[in-house]
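Only one chain is given next, in structure tokens, and it is the form predicted on its own.
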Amino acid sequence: MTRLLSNGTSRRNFLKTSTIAAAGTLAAPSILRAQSSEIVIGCAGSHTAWMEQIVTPHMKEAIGADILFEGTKSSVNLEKMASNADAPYLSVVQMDDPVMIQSVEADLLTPITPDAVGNMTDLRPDAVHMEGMWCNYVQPWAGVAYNTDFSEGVPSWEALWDPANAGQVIIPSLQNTEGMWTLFVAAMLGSGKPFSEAQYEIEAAFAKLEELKPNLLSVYTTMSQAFNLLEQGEISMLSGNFSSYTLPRKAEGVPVDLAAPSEGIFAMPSGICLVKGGPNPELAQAYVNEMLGPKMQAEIADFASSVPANTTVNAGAEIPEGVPIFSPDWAFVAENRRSWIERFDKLMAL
């Protein structure tokens, strides 16, 4: 295993952060006089633990914000923004990249800018998208979660299709972003091409998914329920799971681990954005600035076994050595996802 390291804090960054902190301290009273201290954050349900334990108390202390957290799927957050576009109630949403693209296309976001969110200047260049429409704040990696009481590992994605695992596998729905990993794995195995090319071989993917059905116990839309079955030994493998969920459970002594199959693993970027017309915009910007700052970046990355986006932070996930990491063409996913979901649901309902 190799730990992901980053540059130390520079004098420039120290001075910049100190200036931002001082400005924030001076500005906070005027913000609170003019507005409520309450903001509503839309986020993934699987992030509930660290949102409640780390983020909520920090935001109360650092910027005086009372956080109301709504945990759900990225696609549901998109629906909330779209249905409330005339009178938004969400201030900030944390979603996966393909849904961010759809949100930009629907004109539901307002850009994050360095003058309001100074910590974005310390992010990796590839963590800032579409001229600041959203930023990635952490990036877990995804592989196959398995129960260590029944398996010593998952060396290849082919194991999902092994007849020995009949009725012992659960995969995510394509309604969940992590469901895309199983689709791309099926495309890779069905076409014989590497992930970078196979992601476009959708016919091969669905043909291979048809072959997987005898091994499936179920398809989930709520990941926590599926993970409970894995922990209890009711299934042996959970496809497409990510480091931010499996590895903290492993650290707590639960008999699970996350495999990195030899064909490759997936980058699972988590993004943060400002809702267009959302309440308390100054407080929302302060929240995003804190989420991209060194304290939150380090604590979230460590808690959730994820890779931080801030280059000044020396913390975060461990990733397997020598295993390819694949990041898909999210624009292609966003363009086709709706039709894929309909096709997938029909296939799995048979």
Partner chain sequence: MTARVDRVALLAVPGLAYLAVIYALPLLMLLAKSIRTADGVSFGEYAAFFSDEYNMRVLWRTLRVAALTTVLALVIAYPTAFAMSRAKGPWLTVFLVAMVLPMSLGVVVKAFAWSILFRANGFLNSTLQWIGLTDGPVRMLFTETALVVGAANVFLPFMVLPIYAVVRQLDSRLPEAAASLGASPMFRFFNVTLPLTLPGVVAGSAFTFSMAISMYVIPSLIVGERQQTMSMLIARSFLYLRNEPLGSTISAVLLAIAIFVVVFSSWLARRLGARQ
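Positions refer to the first chain, counted from 1. Every value quoted in this text rests on a predicted model; they were computed, and no experiment measured them.
This protein has a second form, the form predicted together with its partner chain, left out of what is shown; the following refers to that one.
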> Taking 124, 158 and 302 as the candidate spot, are all three within 4.5 angstroms of its partner chain in the predicted complex by heavy atoms?
Replying inline: no
> So which of 259 to 267, 223 to 231, 132 to 140, 84 to 92 is the stretch with heavy atoms within 4.5 Å of its partner chain in the predicted complex?
Replying inline: 223 to 231
> Though its partner chain is not shown, can you say which of 254, 217, 128, 104 has a heavy atom within 4.5 Å of it in the predicted complex?
Replying inline: 217
> Heavy atoms within 4.5 Å of its partner chain in the predicted complex: does residue 334 have any?
Replying inline: no
> Does residue 202 reach its partner chain in the predicted complex if we count a contact as any heavy atom within 4.5 Å?
Replying inline: no
> in the predicted complex, does residue 116 have a heavy atom within 4.5 Å of its partner chain?
Replying inline: no
>> Given that its partner chain is not shown alongside this chain, does residue 162 nevertheless sit within 4.5 Å of it in the predicted complex, heavy atom to heavy atom?
In response: no
> What residues, if any, in 74 to 90 have a non-hydrogen atom within 4.5 angstroms of its partner chain in the predicted complex?
Replying inline: 75, 76, 78, 79, 82
